[in-house]
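Next up: just one chain, as structure tokens, the form predicted on its own.
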């Protein structure tokens, strides 16, 4: 697949629907860090890009769309469907938490909360798809989703990205797939995952996608049990690091203290890789971090 052309087409397709999110420079760690504030995207995460690209490039059936999500993707899929006039059925696990569940309910989507984790919600969504003929919007392992997420990095380069290395948090792999598909080795991409939700790290170690147990403070956004096949194919040879929950919480706190930026744990995970020393840049290496989600729970307001 020609990912560059797919991402450029997606960028044209979703223009006017997805936000162009701001970038900034921070000196929280001394040396400048470039940051893209993708938590300011519609519904509080990058997921709206992939959802809009999927719907705008598809013939949506009368049954509408269905999506399984830890929370952020469900909100994005529901928002995109509402914006474009399609009915949406969303399945989320209980661990999505009350703030993300409320966010989805605000879109008017038909929401079902299921017991267990993301994988259980996906099973229910697949059953709904088979029963009704609704179109599945996969959270991460679909070309249209990956191309949509890739627009984030095309946009960042157009905004003047200078970094040698870009750190990206990983759950199921849609966002980092977009980064790898767009950047194609022009910049180093580092995968950052929580120690207790690390589907990509485990897959790279095993040489194939494998099931992992999922827990920790970022599980409702980065809690995929198995990495997507697209991501596994694109991620061969990349640097993958793990960060503890304590470092993620510290990165959240430091972002608030330094810049009054409030993000969910997943949104701070890539930054936590720097704070914790899980990733240590070489002298003179220019580093960038993507802040991917802002749906903190409980909702502070």
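Numbering follows the first chain given and starts at 1. Computed from a prediction, not measured in an experiment: that's the story for all the values here.
The discussion below concerns the form predicted together with another copy of the chain, not included here.
Student: Residue-level contact is defined here as any heavy atom of the residue lying within 4.5 Å of another copy of the chain in the model of the complex; does residue 43 satisfy this criterion?
Tutor: The answer is yes: residue 43 has a heavy atom within 4.5 Å of another copy of the chain.
Student: Does the 4.5 Å heavy atom contact test between residue 183 and another copy of the chain in the model of the complex come out positive?
Tutor: The answer is no: residue 183 has no heavy atom within 4.5 Å of another copy of the chain.
Student: Quick one: is residue 103 in contact with another copy of the chain in the model of the complex, heavy atoms, 4.5 Å cut-off?
Tutor: Residue-level check for residue 103: yes, a contact with another copy of the chain.
Student: Spell out, yes or no, whether the shortest heavy atom distance between residue 23 and another copy of the chain in the model of the complex is within 4.5 Å.
Tutor: Taking the distances in the model of the complex, the answer for residue 23 is yes, it comes within 4.5 Å of another copy of the chain.
Student: Thinking of another copy of the chain in the model of the complex, which stretch from 272 to 280, 50 to 58, 256 to 264, 234 to 242 has heavy atoms inside 4.5 Å of it?
Tutor: It is the stretch 256 to 264.
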